[in-house]
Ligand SMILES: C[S@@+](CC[C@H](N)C(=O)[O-])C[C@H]1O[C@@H](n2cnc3c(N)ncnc32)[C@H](O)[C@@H]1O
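This document opens with one chain alone, in structure tokens, the form predicted alone.
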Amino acid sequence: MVSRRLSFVADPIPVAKQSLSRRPHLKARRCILQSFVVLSFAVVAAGSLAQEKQEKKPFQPVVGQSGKDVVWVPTPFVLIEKMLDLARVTSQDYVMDLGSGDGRNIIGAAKRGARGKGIEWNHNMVDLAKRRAQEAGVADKAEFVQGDMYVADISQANVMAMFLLTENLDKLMPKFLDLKPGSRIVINGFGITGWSPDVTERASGDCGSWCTAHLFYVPAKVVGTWQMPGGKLTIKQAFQKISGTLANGANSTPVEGSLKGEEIAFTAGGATYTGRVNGNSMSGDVKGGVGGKWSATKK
């Protein structure tokens, strides 16, 4: 019997077969990598979108935020109505506000039919005021521009409605005095150095620390020497207050009086003179003394 030795030789797996057997593992890895990349992009995109939304969030002012020469503190709405009442704002008026903030003074005036303009340094506040005017339905009457209140042209205004410190108002005073006589200046709380308010009133309701409104009438300019039929009138002027002398020959009588826009009233001796200023002339009535009419022309 012949014995046979059987030997089993392992048949090596062909290279092609090895590659096929590994493909599922490579696919799985590739899928995991792709998922990670997609997730990473999604996280970055979500972060960018959130940041973009945050950046586009509408601006909201903060009480006390700093600006150019001022900080923002809003005038209570009940005081705004009191200010506009004092100034007797109607549809015939052109109202301006310097340092107009969120635009509430001008919007309040526009709701009464007046046209108006606010000058504000902070462009975010200007945009906010425009949005609020649009929401209030008065964008056609309420204009807001970015600018420096100290160089703004206010010559069109016949009403100024503001909330500024005395130091700001004092710097602006020459502009105020160049407004047309009879123009009204109404201010929240603060005054103008040396210029007494013609009217001061308080608002009632929710106004906190800001309840007082001051009204000033821009006076006609009458300082100087005026010729009257019966003598010479010399006037000194401090805002709406006037003093001086009325001289007739060797006789000189002290004069004391005041102005409310173009309306003038003064006493000289036992007589009271009332009338109206019209540029370089003025005239009116006399009560007491010889009575009758009076007139004067500036020399």
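Being a predicted model, the structure only gives us computed values, none of them experimental. For every residue, the number given is its place in the sequence shown, counted from 1.
The form predicted together with the ligand is left out here; the points below concern that form.
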Exercise. Look up in the predicted bound form whether residue 67 has a non-hydrogen atom within 4.5 angstroms of the ligand, and give yes or no.
Key: yes
Quiz item: Does the ligand come within 4.5 Å of any heavy atom of residue 179 in the predicted bound form?
Solution: no
Quiz item: Taking heavy atoms only, is residue 119 within 4.5 angstroms of the ligand in the predicted bound form?
Solution: yes
Exercise. Report yes if any heavy atom of residue 191 sits within 4.5 Å of a heavy atom of the ligand in the predicted bound form; otherwise report no.
Key: no
Quiz item: Mind checking whether each of 71, 105 and 163 has a heavy atom within 4.5 Å of the ligand in the predicted bound form?
Solution: yes
Quiz prompt | Location of the ligand contact in the predicted bound form, chosen stretch of 145-153, 129-137, 85-93, 109-117 [non-hydrogen atom, 4.5 Å] | solution = 145-153
Exercise. Determine the residues of 76-113 with a heavy atom within 4.5 Å of the ligand in the predicted bound form and present them in sequence order; the list may be empty.
Key: 97, 99, 100, 101, 104, 105
